[in-house]
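Okay, here we've got a single chain as structure tokens, the form predicted alone, with questions on binding and movement later.
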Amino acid sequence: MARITLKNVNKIYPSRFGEVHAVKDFNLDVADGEFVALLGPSGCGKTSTLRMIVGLEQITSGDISFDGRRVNDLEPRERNVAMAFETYALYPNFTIAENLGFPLEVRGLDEPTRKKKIDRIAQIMRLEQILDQKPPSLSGGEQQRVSLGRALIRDPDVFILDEVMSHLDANLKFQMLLDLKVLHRELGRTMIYVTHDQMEALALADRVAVMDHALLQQAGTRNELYRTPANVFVADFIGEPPTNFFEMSIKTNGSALQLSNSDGSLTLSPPASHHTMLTERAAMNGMAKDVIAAIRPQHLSLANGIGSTSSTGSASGSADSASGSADSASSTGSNPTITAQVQINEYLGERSILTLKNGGQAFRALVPPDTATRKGETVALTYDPENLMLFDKDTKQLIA
């Protein structure tokens, strides 16, 4: 196993249109035996980072170390890193046993030793029953397990997985998630997993490193990324359905402090613990008083006994009610409420997603699957102010 350290790593590709800075000042420490996911959209630099760790790409600047040993100038074979790709890259004319044993044959291991290792990997990857078959006769999930097994059989210090589930359907992907979790627990190897799918990353990894535009945005546990995202991008990228964002200004209403949108149709109540900070920002000049408020759809709940006003025959009146509504204390509790007009009720079996509109602001709420609403109805939703996240409007960084 190995501890991997990336310090101020940069990757610049030359092109006829100028230099492309694919990875910028990347810093990350992966503990020995840890499972870390590199997560981000296509083109963010995650695969370039992975290839530099393996040694398939030369580092433009910075250092990569394994257990404190600088590996910048080492060939891939000298780093003892195994890699599995989204394409299975199996030899179609070899049996599964021959595919698994090929890396060992290249290294010159004798046949009894190869067979022992093949049998062990086949047991771990649940391939014992198909060792005499060939790849074309296997399902996608079986081929992916063979690909993973062939990488693992080398007994690597570091195991790299690059979008290995991109070609699998939902059922196979679910099974592969379980397989990888068990595999990591049994082998205890340092693993780095590259994906654009946040659900894969959150389900598998001990920690997730989120990238965008060649920069590491935040590295943390699932709870850290979900509860305290470093910036607007992380808050938007982590979580399903996506986070709701509202551009707001800090307002005072007597002794109360509120956040209000530009036309005053929507107000939100920040938690009391943020009042001092927001008051100081409101006293500053320029745009410092403007913030981006965010709340996840999971943190909005339909208020009991409040609002569900049918819009039948009075859609315009219902719209006026929604756009003119203000945040207020719920009659059923101390949490504030928002009223909004239902646009879509998306039934997903175990839950429903409401798309709502308040004035010109659209947002979503996650509600029970049996929620019965119609387009144009006005509903009331409550939220806990402690679940409200606040970001600087200019820098997009978390401020509270």
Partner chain sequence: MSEKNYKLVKGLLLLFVGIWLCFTLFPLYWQIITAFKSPAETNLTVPTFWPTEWHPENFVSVFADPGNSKALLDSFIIATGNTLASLVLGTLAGYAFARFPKQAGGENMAFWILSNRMFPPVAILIPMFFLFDAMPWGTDSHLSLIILYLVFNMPLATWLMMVFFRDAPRELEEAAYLDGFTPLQAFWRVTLPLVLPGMVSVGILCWIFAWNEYLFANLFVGSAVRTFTIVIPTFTHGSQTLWNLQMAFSLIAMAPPVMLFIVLRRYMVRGLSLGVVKG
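Source: prediction; values computed, not measured. Positions refer to the first chain, counted from 1.
The discussion below concerns the form predicted together with the partner chain, not included here.
Checking F246, Y226, F233, F102 for any heavy atom within 4.5 Å of the partner chain in the predicted complex turns up a single hit: F102.
The contact residue chosen from Q258, S265, Q298, T87 relative to the partner chain in the predicted complex is T87, the criterion being a non-hydrogen atom within 4.5 angstroms. Across the options 31-39, 370-378, 48-56, 354-362, residues that bring heavy atoms within 4.5 Å of the partner chain in the predicted complex belong to 48-56. Contact annotation for A282: none of its heavy atoms lies within 4.5 Å of the partner chain in the predicted complex. Though the partner is left out of this view, Q123 does not reach within 4.5 Å of the partner chain in the predicted complex, counting heavy atoms only. Within 4.5 Å of any heavy atom of the partner chain in the predicted complex lies no heavy atom of P112.
When contacts are judged by a 4.5 Å heavy atom cut-off, G239 does not count as touching the partner chain in the predicted complex. In the predicted complex, the residues of 81-112 lying within 4.5 Å of the partner chain by at least one heavy atom are, in order, V81, M83, F85, T87, A89, L90, Y91, P92, N93, F94, F102, P103, E105, V106, R107. Whereas the displayed form keeps them at a certain spacing, the CA atoms of A89 and E57 lie at least 3 angstroms closer in the predicted complex. Annotation for the pair P136/N171: C-alpha atoms recede from each other in the predicted complex, by 3 Å or more compared with this form.
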